[in-house]
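Next up is one chain by itself, shown in structure tokens, the form predicted alone.
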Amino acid sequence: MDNTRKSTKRLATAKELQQIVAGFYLEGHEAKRSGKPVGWMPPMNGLIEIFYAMDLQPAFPENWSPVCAAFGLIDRNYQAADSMGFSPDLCGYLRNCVGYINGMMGEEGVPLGGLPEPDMIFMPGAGCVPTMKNFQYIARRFPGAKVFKADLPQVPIEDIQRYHIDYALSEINRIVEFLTRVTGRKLDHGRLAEVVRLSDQACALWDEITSFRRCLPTPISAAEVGLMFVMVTRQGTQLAVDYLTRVRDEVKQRAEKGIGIIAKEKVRLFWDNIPLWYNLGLFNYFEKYGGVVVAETYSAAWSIRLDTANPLEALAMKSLQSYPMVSCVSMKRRKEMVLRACRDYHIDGVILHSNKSCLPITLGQMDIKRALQEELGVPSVVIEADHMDPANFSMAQFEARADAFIEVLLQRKGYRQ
């Protein structure tokens, strides 16, 4: 049985996303050809805004991994990583990246041209361990690239103190000094203020778009999660603001007209953990029963509002809040986030993705499952899978559990099969 399926999208604006994705990678290769410095970095750390403010080109190896999943490149990349001794039990993003940079990178015919070779590499001092190790390996693979090693504390968001912010600010200033020295470009603080304003505006639009999911019926579902690409790669650009404005307007119009994702919405579902990038079609699976995956954990992680009056400090604060699903969140807070989402989005049932490829986000799911039942009376089901490796997912097993789960939810709501 095929474990890979694409999702069915209903938004007209979703059709524009393919051009935006292709445009981003084309821009990276044009930057390389024209001599504009390219920097590889993890997402979500405030560095992207500095890059756009200094007219530098960012690239995101972690984000490239879901693209590889969508294009069916995973098997070859994993084979390359396996041949080098990297265990199949490691993070799927790490394995894919290692396999890619030691295999098909630079070959003709790679979808979207692949990643442009880095001139600079930014090794994070925060986030999950695989991310940090991934960038250590990337730095060894490209010895000619200039390397910046960050050092950031990893504390729960609710425990951030002034001294944490001051230290993160010193790291942001150190990054600016590094970029000036390596590229010869100086940071225009007026331009940075504009970029931070655009970044915050994109986050505000993203929050507004997701807020419409509370509508009954929902005008947008988790099947549109690919829109997140703009939040990952284009924060701080007018392109992101313009595109998300069009998405917001379309979703708002659907909500005002009462247009749902399917003809008759019966059951509202929540997905916990990272989506299966090779099988986003799972988000459509329940639709034949009248079920819609209304919301998911992962999309909420990409909206971090910024204090536009203090751009550098705003980016320092953003760097402390990066990886909010992994290293900057307590188990208590993560449980509260899921429970609050279930209340806000009128959730009838929760799908807990026990993710072999990301154990940090999977930790605490049994506590969440218990709290959902005891505090909200919301049933949940656990599925075992992997957000990157289709070999660790069984469609047949998923269908068996999903069908039984949806039957329970429909009976609870008074529907008969």
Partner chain sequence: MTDSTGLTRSHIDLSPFAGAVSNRAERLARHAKKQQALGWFCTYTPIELIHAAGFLPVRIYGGTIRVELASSLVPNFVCPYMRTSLERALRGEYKYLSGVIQGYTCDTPCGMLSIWQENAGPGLFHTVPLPYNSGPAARTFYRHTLNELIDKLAGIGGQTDPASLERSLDLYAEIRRTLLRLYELRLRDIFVPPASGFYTILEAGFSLPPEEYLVLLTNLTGALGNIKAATPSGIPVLVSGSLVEQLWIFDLLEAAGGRVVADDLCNGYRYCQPADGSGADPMDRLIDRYIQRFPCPARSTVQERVPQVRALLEKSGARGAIFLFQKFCTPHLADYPALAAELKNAGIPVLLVEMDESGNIEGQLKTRFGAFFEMIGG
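Numbering follows the first chain given and starts at 1. Predicted, not measured: the structure shown is a model, and the values here were computed from it.
Although not depicted, the form predicted together with its partner chain is the subject of the following passage.
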message: Residue-level question: is Gly190 within 4.5 Å of its partner chain in the model of the complex, judged on heavy atoms?
response: no
- prompt: Does any heavy atom of Phe86 come within 4.5 Å of a heavy atom of its partner chain in the model of the complex?
  reply: yes
- request: Determine whether any heavy atom of Pro43 comes within 4.5 Å of a heavy atom of its partner chain in the model of the complex, and answer yes or no.
  value: no
query: Is Leu94 close to its partner chain in the model of the complex, meaning a heavy atom pair under 4.5 Å apart or at it?
result: yes
- request: Tell me whether Ala139, Tyr167 and Ser170, taken together, all sit within 4.5 Å of its partner chain in the model of the complex, counting heavy atoms only.
  value: yes
query: Though its partner chain is not shown, can you say which of Ile259, Val129, Ala300, Leu216 has a heavy atom within 4.5 Å of it in the model of the complex?
result: Val129
field: Partner-contacting position among Arg185, Arg305, His346, Lys149 - heavy atom within 4.5 Å of its partner chain in the model of the complex
entry: Lys149
field: Contact segment among 58 to 66, 27 to 35, 44 to 52, 354 to 362, judged by heavy atoms lying within 4.5 Å of its partner chain in the model of the complex
entry: 354 to 362
